[in-house]
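Taking the form predicted alone, here's one chain by itself in structure tokens.
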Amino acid sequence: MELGRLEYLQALVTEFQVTDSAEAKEQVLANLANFAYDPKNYGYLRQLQVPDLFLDMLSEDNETLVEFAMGGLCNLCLDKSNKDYILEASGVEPIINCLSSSNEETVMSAVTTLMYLTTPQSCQQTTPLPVVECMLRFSLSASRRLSNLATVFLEDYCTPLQVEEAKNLSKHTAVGIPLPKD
């Protein structure tokens, strides 16, 4: 007998919760992130509290779990109900924290997710001055993907005044200068 969609997703969530294997957790989270790409799964994933699972994983030490969770959130927030849920669940702050990840895929998903979450009502949450300043730094990145994405963020999601304020702030701080190694 074939498992229904909800039952299959439930089995994945259960496996994620009960396994002790880091590798198995990564595999299951990658699968859930991929299923979050299909609008047919949005309702089921909300029912199974997968958006909360993804948000919880953003604070993990395992960079692979963070990457897959960030990718899953990025896929989910194309849906208005998921977007509203993430905003109401205080999901923006952990997403912003992912901008400092050393994993470029995590950073790319975080920037994209902030774009998807930005509405006239949420822009104060998604485009505060430190984020705009971060996007200015990213726009100068050697990575073309990151540089281009940050430029789109600045042009399409920030006001010229926000960008100017961030530029002025950057002139007076040492932000972006790496700290010396111990």
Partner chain sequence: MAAGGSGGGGALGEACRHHRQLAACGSRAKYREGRRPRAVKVYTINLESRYLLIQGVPALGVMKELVEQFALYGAIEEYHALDEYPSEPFTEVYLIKFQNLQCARVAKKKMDERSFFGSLLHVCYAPEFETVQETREKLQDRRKYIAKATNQRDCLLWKKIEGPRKTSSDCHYSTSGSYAASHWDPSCFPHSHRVSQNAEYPSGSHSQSPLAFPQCDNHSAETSGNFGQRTPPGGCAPPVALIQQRTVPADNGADRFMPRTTHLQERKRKREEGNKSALAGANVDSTDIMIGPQLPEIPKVDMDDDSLNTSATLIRNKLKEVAESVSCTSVEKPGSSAAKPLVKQRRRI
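Because the structure is predicted, anything quoted here is derived from the model rather than measured. Residue numbers count along the first chain shown, from 1.
What follows is about the form predicted in complex with the partner chain, which we do not show.
Novice: Would residue 24 count as touching the partner chain in the predicted complex under a 4.5 Å heavy atom rule?
Specialist: Yes, residue 24 is a contact residue.
Novice: Using a 4.5 angstroms cut-off on non-hydrogen atoms, would residue 62 count as touching the partner chain in the predicted complex?
Specialist: Contact check for residue 62: no, nothing within 4.5 Å of the partner chain in the predicted complex.
Novice: Considering only heavy atoms, tell me if residue 118 and the partner chain come within 4.5 Å of each other in the predicted complex.
Specialist: Residue 118: contacts the partner chain in the predicted complex.
Novice: Is there a heavy atom of residue 11 no more than 4.5 Å from a heavy atom of the partner chain in the predicted complex?
Specialist: Looking in the predicted complex, residue contacts with the partner chain include residue 11, since a heavy atom lies within 4.5 Å.
Novice: Which residues in 45 to 62 have a heavy atom within 4.5 Å of the partner chain in the predicted complex?
Specialist: The stretch 45 to 62, when checked against the partner chain in the predicted complex, contributes 46, 47 at the 4.5 Å heavy-atom cut-off.
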